[in-house]
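This document starts with one chain, in the form predicted on its own, laid out as structure tokens.
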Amino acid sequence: MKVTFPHMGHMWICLSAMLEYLGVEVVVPPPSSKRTLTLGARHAPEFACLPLKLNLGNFMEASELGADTILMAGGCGPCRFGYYAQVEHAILEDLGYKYRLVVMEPPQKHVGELLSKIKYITGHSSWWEVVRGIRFGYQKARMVDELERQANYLRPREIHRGSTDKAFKRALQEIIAAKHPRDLPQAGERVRKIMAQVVIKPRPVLRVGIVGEIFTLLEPFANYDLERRLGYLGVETDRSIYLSEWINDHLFLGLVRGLRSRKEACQAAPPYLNHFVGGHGQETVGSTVMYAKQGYDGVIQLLPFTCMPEIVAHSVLPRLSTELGIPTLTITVDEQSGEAGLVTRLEAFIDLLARKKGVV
């Protein structure tokens, strides 16, 4: 069995660590690219959202490397993601690909089914080893998230342009290279030393929160590397969802204490949005409220074209923006999006925020 999965930011690092620790052969697809998107968009339904098209492209590229089993998350509620695994598998079968499909459904709905799927993937590993493997992958997710937070803080303050990104790449390699849980403390120490070498200058910077649908938030190819671009425009960013937070909320059911939770965002959403609308729509609204109360200078909402939950959230943001005095910008992405247009909109938005704050 050669297992593959779709890309979503740096998720592949923690998934590979977990599966390889358990003796599963992993085929990581090439990083998402224009070729990936072209392959996926060519065979996907026209009005499917960008994540489905990129997932499809990932699976087609992974097949060229020998993958024969797809590991995919399931879902429930109004978001179409819940049946994407089955749709993608059906499309791949029609195209002649011979993939086995393993869908991990949310544990609060199908815990018995989830356990049987884990056992199917991990084979003869004991449950104790499975728990250790999951913990190993999760520890890597925490380390990568912390590294990303550090980079988002340093980038707008760095003296030598690009020094944060160079350090980030080196630090990321240290995390990837750790093949056993016992290697992680030393890897963490090396990561801290590498990032401490970035020379920064204290200066006033803008702070912008990024909210929206999780795939477009986490996948740099889908969002045109938004956090890095904003960093170079002198903006410190914070994302409303990090991978380790999502895992804790949806797979561990909040077992890990001290992490930011979706519950806080959902509780902050009323009176602007009083109920679940699927995906991360309610969290988008609640997180925008929280960023406004924390004194952020603006909020950017990211969503794939035709994403219903985020369209609902988008309809609420103008009123919220007016009443709480926080400027918002909504960016919709699909295979027709253009980099130049995005850059122009970002520069105009940041210019307005800078003038409002008086840091021009």
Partner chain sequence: MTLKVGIPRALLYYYYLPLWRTFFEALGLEVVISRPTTKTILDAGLQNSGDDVCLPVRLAFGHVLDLKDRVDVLFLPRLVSIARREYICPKFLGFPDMVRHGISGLPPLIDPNLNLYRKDSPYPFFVALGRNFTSNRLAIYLAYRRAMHAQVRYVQLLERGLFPEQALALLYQGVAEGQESGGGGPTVAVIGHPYNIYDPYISMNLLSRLARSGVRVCSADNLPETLIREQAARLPKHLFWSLGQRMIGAAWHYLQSPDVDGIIHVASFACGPDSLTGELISREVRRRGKPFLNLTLDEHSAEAGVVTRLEAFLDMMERRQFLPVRESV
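This one's a predicted model, so the numbers in the text were calculated from it and none came from an experiment. Residue numbers count along the first chain shown, from 1.
The same protein also exists as the form predicted together with the partner chain; that form is not shown, yet it is the one meant from here on.
Asks: Answer with one of Asn274, Gln197, Ser126, Ser116: the residue that has a non-hydrogen atom within 4.5 Å of the partner chain in the predicted complex.
Replies: Selected residue: Asn274.
Asks: With the partner chain left out of view, which of Leu329, Ile311, Val27, Ala41 would have a heavy atom within 4.5 Å of it in the predicted complex?
Replies: Exactly one residue meets the criterion: Ile311.
Asks: So in the predicted complex, does Cys79 come within 4.5 Å of the partner chain, heavy atom to heavy atom?
Replies: Yes, Cys79 lies within 4.5 Å of the partner chain in the predicted complex.
Asks: Any chance Gln86 has a heavy atom within 4.5 Å of the partner chain in the predicted complex?
Replies: Although the partner chain is absent here, Gln86 would touch it in the predicted complex, with heavy atoms inside 4.5 Å.
Asks: If you check in the predicted complex, is Val130 within 4.5 Å of the partner chain, heavy atoms only?
Replies: Outside the cut-off, so no.
Asks: Quick check on Ser315: any heavy atom within 4.5 Å of the partner chain in the predicted complex?
Replies: Heavy-atom contact with the partner chain at 4.5 Å: present for Ser315.
Asks: Based on heavy atom distances of at most 4.5 Å to the partner chain in the predicted complex, which listed stretch, 31 to 39, 48 to 56, 61 to 69, 289 to 297, is the contact stretch?
Replies: Careful reading of the contacts points to 48 to 56.
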